[in-house]
Structure formats: structure tokens, C-alpha cells
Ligand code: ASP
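Before any questions on how it binds or moves, here is one chain, the form predicted on its own, in C-alpha cells.
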């Protein structure tokens, strides 16, 4: 059994819809021929490319009183989706049914934006409802396109099966409740040879209030559905040939990787790689379900297979490099910190009260300083919170410094089993040093899969290219000189 997720670019145009229909039909035929005891296909879809951004902007403009903008967006969405209908759907009854679905969703969008305009406020709960409408437009459309191409398919709204908590804007799935609703809804369809086409990104609370799993989380939906159905493989169809050794926009000779571990891809996703949602691997890890990243527009390419670490050979080899910009390095330092218990606990307790996301931590061996990286937007509130927390220590000069270093980037060098590999750190520093790139901070986690360094954002691309070159990541692992 396969769970296939198609991203926004995969359903971004008439041509893309045609390509997806061909891919799904081929996979259905392949599953029919397979010897597995549980053949079948389930599909998860994102909104058409650009639609979610349009919806969010319309909601925000509505909160500012701009009614004309969301009315224009409503018309644009109608045309965008109806153009696909016009190319694929010949059956009059099918076209009429789709038209009713579109109008229902668009009227809901208009009512929501009107209410937001009246209130003059956009809450996270309201934004979840608006931003999830893109998937609720694309999924019934894709199901109809599949049927028109001879693939039995049925639209399923994930708000009816994916149960989440009530953290709007980034809800977490409740897997027990989700399993209870999903299995009886999807499994009989799959067993009958019908392809369920499920809305990605969205869910609902136990009480039925719509939520979202966070931006880009249709991958997450696919992993949840795959785990519940105990799929043989979860396929993430996008517009690149799998996971690359680096961002090809930065490194021209970056190549796609044949295989990665869950641990490696989670590190890459967390530190800025855009191929997968950072939480995608979580449900798959628990069930040990392989994930494959594939290219909708080059379906013959094998892509990247993501498996348990025990199923992939590792010799401390660097696999890939990624970077994340828009960061601030916050430092808490002073000679009075040496040997004083509780400084770190108080530091990160103060950060937690601000709801800031800490992406990297580094502490000097002398205990004279702690530095950590947060998104630039969070830095002012974090620094103010820390100065309030350590007001007495600052006055007594036990702590001399609480400040931020703006406009930095994290470079993450990723590969399982790197910790303790002789020469690896030296090669990284040789690479950046030869290009006169200053390393401001460095950290290596106990996961053994990531060495992270902080550099000035203006030199981030140079650092990625330099490290990619020194480890010869453009070559297959077996051909590299440096395999450290």
C-alpha cells in the first residue's frame, strides 16, 4: 500500500494535474500487479501553488478593512480551479457537483473575510479556517480529475478524520483519535480499489473546530495517514529529484541523494531544507515506514529513500549541507557565572516564557558564557526577558553581557555517525578558513548527525559552497577522496 502526497507545484496547473493523474494511474496498476497482501493507493494533496498565500493575504487585508482585495481573490480562485475543470471534466453532472463545492467553499471564504473585516482582527483560529480552504478546493478537484482519467477516486476532508489539539496555527495530531476515525473511513475504500484523496495541512479538534498542522504540513498529513494505514511506503511528490546535497540555487553541482536516514532528513528539515516538513518523519519513524521523495515532473527518477538508520550504511560520511538565515545569536556571559548552578535553567526558562524557538545552543567549557540562536524576530523580546531575569546579576557584574548578534545564519553539516570521525571538524574549518569566513559559534549534538556553525548571514552561501566542495559532495560517496 502506498500513500502519495502531491505538493502545491504538483497540482499547480492543468499540465501538473495531468501529470499527477498519470502517476497515480501507473501506481494503481503497479499495486494491482504487486504480490503484496495489501495493495492500494491513498493520496494526500496540498492546495494549488500560490493559493494558501493568497488566502492568508486576503484574511490579513480583510482585518485592515480591505474588502475589495478579498473579493478579487475570491474571483481569482474561482477562475483558477474552474480552468482545470474545463480541461478535464466532460461529464455535466460531475462539473455541476464540482461547481457547487467550489461555490460553497468560496462563499465560506467570503463570509469569513467579511466577519474579519467587521471585527477588525484576525485570530489564529480564524486564520486556520481561511488558510485551509485551499486544500478543500484542490482535493475534490483532484479526485474528479482522477475519475475522469479512469482512476476510481473519492474526496475525503481531513477535518473529518485527522483529530488534533486546539493549538491553532500549528496543531498536533491526536493519533489514537485519528486512527479511530481514519481506519474505518479509508481502509474499506482502499481495499475496494478506490483512491481516497485527502486534504493535506488541515485537521479539526475533537469538537470539530478546524485547525492546521502548520505551513507546509501536507507532508505531515501524509505521514499520519501512512502510519495509520500501516503503508508500505510514503511518497512525497514535489518538483525536485529527491533530497539534494545542498540547495541547488546556492550550489550549482548539488546532486540528489539515493538514501538518507530518518535522523539525517529530520536534521536537514529542521535547519532549513525545504523538501520535507520538519515533523514529517515522526509518525513514519514510529512505524519504520520508508519515505521516498520524488519528482512529479520527472517520475522515472528514483528520488531519495528515507529509512531507519539501521537500514542505511553509515561511516561518518557528510551527506548534505543546509543553512537557515534570519537568525540572531544571543549571548549571556560573565565571569560570575562560573560554577553557579541554575544559570542555564533560568536562561532557557526566560526564553520559554517568550515562546521563542531555540535552534542551536553552545556553551564555553569555562562556563563563562552561554550562547544560543533564535529567529531574528524573537531576539528583542528574548534579550529583554533575560535582562529582567538577571537584573540583580547584571547590577553586581556577575553577568557582564546579555546581547544579540544580528543577521547571522546557521550552517548545518549533516550525516549519521559523524561524531568522533577523525578529521571531520578540521575539514569544515579548513573549508571556511580558506575563504576567510569567520565561525562565530559551533555545536555538535549527541545525535551524531549534525555539526552546526554560526556565520555572518552575508557569508552563508560561501560557507555552504566551501564545505560542499571540500567533502566533494557532488560525487557519489564511493568516489570521494574525503569520506570523513
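Positions refer to the first chain, counted from 1. Since this is a predicted model, take the numbers as computed values, not measurements.
The same protein also exists as the form predicted in complex with this ligand; that form is not shown, yet it is the one meant from here on.
- Per the 4.5 Å heavy atom criterion, this ligand in the model of the complex is contacted by stretch 210-218, the sole one of 111-119, 210-218, 173-181, 250-258.
- Although the partner is absent from this view, residue 47 contacts this ligand in the model of the complex, with a non-hydrogen atom inside 4.5 angstroms.
- Contact annotation: residue 452 falls outside 4.5 Å of this ligand in the model of the complex, judged by heavy atom distances.
- This ligand in the model of the complex comes within 4.5 Å of a heavy atom belonging to residue 52.
- Along 108-139, a single residue, 135, places a heavy atom within 4.5 Å of this ligand in the model of the complex.
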